[in-house]
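Starting off, we have a lone chain in the form predicted alone, written out as structure tokens.
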């Protein structure tokens, strides 16, 4: 039977814009913080997985931390890079490949929307010529269709963003730390309708890192280890409509988020109603709304009521993105999924300060989604 795995160290370099630091430098700061939190040195790490999209190879961190000869595997899975690095590190510990593993990510993106090249993703040039490689346009089209099919109005889009900035204002590590009024968001500049300026996250900079070890020895290194009950990554099936899908298939298939979520709940032996605090990929307001249902936390079309009734607030039944999510923190691709895990660890340790969920949370959940249709889900236990 595979052994349980624990997170014993977390480290974050705040997301945002840091003109005097390279992306790799931010990753090194986060990694050193995670090692310090775990109470171990870099020389003790037996294997590392890390990713960066625009700031160089993650394994170059060895130049900063030390050339110890450890296996360091570069991970590239779009916005799901962090979740994929963590799942790989968990698998390494479970297999007995190492006693200590690291998952780390960093990035430093240029300003403006992501606009990748079609041929890099196996698509013909016409797909880019029509503007669909511009991710803001894709997400807007997907959101518009979802709203039409399930009776969601623009009110829900505004409320997602409003809550994100409200939570970000409570988070000293967040990039956007100013609450925004309903009107500011609802009347902000249209980007790709129905999505407006303050309903999108921003490409950003930052670093995040985790240190893991077998659960049976975790308390030797940290008084509050967090157990990884599940760490799952799934890709798309034919018929699921995802980023860079050139058309809707005649027969629809579940999104990779659905399959990853179901597999994670099965592996952890729990269900959506057992989760006390969660992080969902919120590339934009519409994506979070879709992901609420795809991860099993509500029925399709139920999101608007949950948002209106305050159930997704920090003090609600289903607290989502308590640190402000991607909307308030920005999204450095290599680090974003690990930031989610760090926030859940902070909540389960009861160290979240003004944004701490009430009671004693026991189970947390993270979900990250990346192109061209990759989802990573973790379930964490205090």
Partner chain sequence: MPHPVLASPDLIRFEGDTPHLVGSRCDECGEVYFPATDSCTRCTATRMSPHDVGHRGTLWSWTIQGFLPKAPYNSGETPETFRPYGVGYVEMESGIKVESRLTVADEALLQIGMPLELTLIPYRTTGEGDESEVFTFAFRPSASA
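As the structure is a prediction and not an experimental result, all values here were calculated from the model. Residue numbers count along the first chain shown, from 1.
Only in words, not in the display: the form predicted together with the partner chain, which the text now covers.
- Annotation: in the predicted complex, residues 134, 140 and 145 each come within 4.5 Å of the partner chain through at least one heavy atom.
- None of the heavy atoms of residue 151 is located within 4.5 Å of the partner chain in the predicted complex.
- In the predicted complex, no heavy atom of residue 88 sits within 4.5 Å of the partner chain.
- In the predicted complex, at least one heavy atom of residue 191 sits within 4.5 Å of the partner chain.
- Contact annotation for residue 113: at least one heavy atom lies within 4.5 Å of the partner chain in the predicted complex.
- In summary, the region of this chain contacting the partner chain in the predicted complex, judged by heavy atoms within 4.5 Å and restricted to 209-217, 292-300, 238-246, 265-273, corresponds to 238-246.
- Proximity to the partner chain in the predicted complex, taken as a non-hydrogen atom within 4.5 angstroms, holds for one residue of 187, 155, 129, 309, which is 129.
- Only one of 252, 97, 181, 197 comes within 4.5 Å of the partner chain in the predicted complex through a heavy atom, and that residue is 252.
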